[in-house]
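Just the one chain here, laid out as structure tokens, in the form predicted on its own.
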Amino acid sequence: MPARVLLVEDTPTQAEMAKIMLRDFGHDMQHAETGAQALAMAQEWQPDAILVDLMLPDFSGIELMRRLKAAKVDATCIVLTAHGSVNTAVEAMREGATDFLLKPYAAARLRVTLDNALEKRALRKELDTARTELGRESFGGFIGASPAMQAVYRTLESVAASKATVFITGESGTGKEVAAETLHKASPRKNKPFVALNCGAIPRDLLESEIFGHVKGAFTGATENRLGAAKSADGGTLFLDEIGEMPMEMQVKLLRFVQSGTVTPVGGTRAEAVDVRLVCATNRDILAEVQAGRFREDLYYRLYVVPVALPPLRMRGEDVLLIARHLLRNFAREEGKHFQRFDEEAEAAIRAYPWPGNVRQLQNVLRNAVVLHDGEVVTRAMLPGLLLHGAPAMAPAATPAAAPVSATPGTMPIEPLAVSEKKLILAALEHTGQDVPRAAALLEVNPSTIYRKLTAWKKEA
């Protein structure tokens, strides 16, 4: 493969011989006669390799290599010298030279030396890239250095420039919207709008209007024209969260939008073209939803182009401590507290807990600790009881039709999981004065989960 080679040589005969050889090798070549000229050309042209004569009219080749390094010119240097002392070669190597050639040199010797130097440079660049990728402790809005997150970073990075639809999956609280925003900011659309819509938190009769907009008078309450999320995101990214909650009749309309690239507002008659990058997310097993007939198969294949699976926090190893330290600093600054770190016991408790609510639960726990306490160090005693006693054990599933029973005297009655779930949600709503977002925060679930349950219970009533 041809390389860019800068020849720095002030002797005309030596320069002409080297030029002929380099052209025969198939490389792109430029020639400088002085150190100053070579430095300027190297900064502008950014060569892959530089052949440096040690004896130049203005300053030495050694000095040129020092100035190239200071200017951050990333090229491999090969020293050309008629003075083949060991001391000169050692000094040149110390300044970053890859190899040296004694003048006069044969074409075969120049080819081998140059090929070896270019190969070493290519390998070094690959190694530097790998180290950078494997050593990243953050990317976009994410904090984490685990192998699982490095894979996520690489996927987001590689697909950012594409217009392909990305489908993000992961448990609640793993950062699906963070992934969508990170993807948007890494894309050529970063200066255009990013519009996020939670399909599970919007009543089904308003979802079409929220996505595609409406015209004035389209329905009761439509007092003015509304653009809708798709039109608002024109040129940018439209993020549809909780796509698995979308009703079947709305899935048909979304499929038409994906296929045609046009939207027709509710009550409108004219289709309008929009250019959006579509990103979807769900915490459900979307393929199981397709197989159960709750999600259209044709829409699934349209949306599930580039899958990105976000790992749960319990599978990310030491990432939980990296995130916890980052959150502690942020919350302490926001609340005007003095916390700087965790003690060893607190870190052990954070590391050992399985975090079923993932990063969102970790945020709630640390916000609670910062608000209720102060000091420089978060101790184990400042953490909520759930961390101190570990994760609650899962009770065995009961037969749905079974009546509540007590296994042994003094134990709590066992009842169907759906019954217990309903009692907990209703109790949380009563405690918060029917404030769904606050109740969801207490239960460490997505508000859309509570909205969905309430809708289902109304239908059963």
Partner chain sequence: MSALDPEVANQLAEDLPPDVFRTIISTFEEDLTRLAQELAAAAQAGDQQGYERAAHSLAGAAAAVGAVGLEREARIAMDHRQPEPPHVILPRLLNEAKAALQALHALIH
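Because the structure is predicted, anything quoted here is derived from the model rather than measured. Just so we're on the same page, rigid core means the largest C-alpha set that superposes within 1.5 Å between forms. Numbering follows the first chain given and starts at 1.
The following text describes the form predicted in complex with its partner chain, which does not appear among the structures shown.
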Exactly one of A82, A218, L227, L255 comes within 4.5 Å of its partner chain in the predicted bound form through a heavy atom, and that residue is A82
From L68, L56, A428, M29: within 4.5 Å of its partner chain in the predicted bound form by heavy atoms is L56
Can you work out whether P104 and its partner chain are in contact in the predicted bound form, taking contact to mean some heavy atom pair no more than 4.5 Å apart?
yes
Contact test in the predicted bound form: L442 vs its partner chain, heavy atoms, 4.5 Å:
no
Are there residues in 13 to 50 with a heavy atom within 4.5 Å of its partner chain in the predicted bound form, and which are they, in order?
T13, Q14, E16, M17, I20
Comparing between this form and the one not shown on the rigid core, is the C-alpha shift at M315 2 Å or larger?
no
For P104, is the CA shift between this form and the one not shown at least 2 Å following rigid-core superposition?
yes
